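Take a look at this one chain, the form predicted alone, written out in structure tokens.
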């Protein structure tokens, strides 16, 4: 199960969410966040704890505090005791609202961290969900090189020494952008969207055999790199095998299954004399057309079938194959 600690959540989001700790800072490392959903504990404050989502971050806004005030101090304390005893991961107070009497002491007694944000409740919840959706999404690390080619995220894979980094370097020289080399962190953002990025410690660096490690950002400028990109095409490089039947038309779709998402895949044979960087550029542009509903191979196939049917109806009338 994917999770992050409340300490990681606070460290990574405190600036964007304007967070500060009110109490329970020593418990941050021990508490885990396992879901991206957020809960506003209105029903719990009313005494209904059936199906209480204790595993979620609990957000208190003006509505919750106004209701607690109407309950009276004694009854509010009993409700808060029961809520904080439910092993919740943390509480976030929105809009810099002043917390009720005994709120922090009850939270501390049950080892629950309480944080405060200056952001309004609705916007705060939206921002937390967006942040956690990405943090808790399924992830794997893959070996390869990832390049943004004409806005299409192209992941180049293949066995070690096949030339992935050299081809990517040529693409960078031709004006495209490096996302990651060697190790690619792949995150599934939704049922059909994958995002790739480099590991932070080696991001935007490449290893070129015979030269060593090079820093693409400092060598070619910030315009030659990007931090992350959607994975839309996989180029699988393999050594040219004589006699093997490689795809020549591109009518049938081939996919690479990554984290349950099917990504279009091209098997690209490597041999001396082939300009692979140009081929990858064309493959990326073709993928853009396919994403818009136009498949050149299938359109050509339709034109040929249409011409053949017409030729059968009118034999000898037109024997020229239509232009491509």
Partner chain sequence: MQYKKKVKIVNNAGFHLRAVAVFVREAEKFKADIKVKNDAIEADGKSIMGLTTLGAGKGVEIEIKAEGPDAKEAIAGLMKLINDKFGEAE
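Residue numbers count along the first chain shown, from 1. Being a predicted model, the structure only gives us computed values, none of them experimental.
In what follows, reference is made to the form predicted in complex with its partner chain, a form of this protein that is not presented.
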If the cut-off is 4.5 angstroms on heavy atoms, which of these, 206, 106, 225, 89, is the one near its partner chain in the model of the complex? 206
Quick one: from 189, 251, 219, 213, grab the residue that has a heavy atom within 4.5 Å of its partner chain in the model of the complex. 213
In the model of the complex, segment of 228 to 236, 194 to 202, 111 to 119, 71 to 79 with a heavy atom within 4.5 Å of its partner chain: 194 to 202
Against its partner chain in the model of the complex, would residue 143 count as a contact residue? Criterion: heavy atoms within 4.5 Å. yes
Given that the partner is absent here, does residue 181 sit within 4.5 Å of its partner chain in the model of the complex, heavy atoms only? yes
For the stretch 83 to 117, return the residues whose heavy atoms include at least one within 4.5 Å of its partner chain in the model of the complex, in the order they occur. none
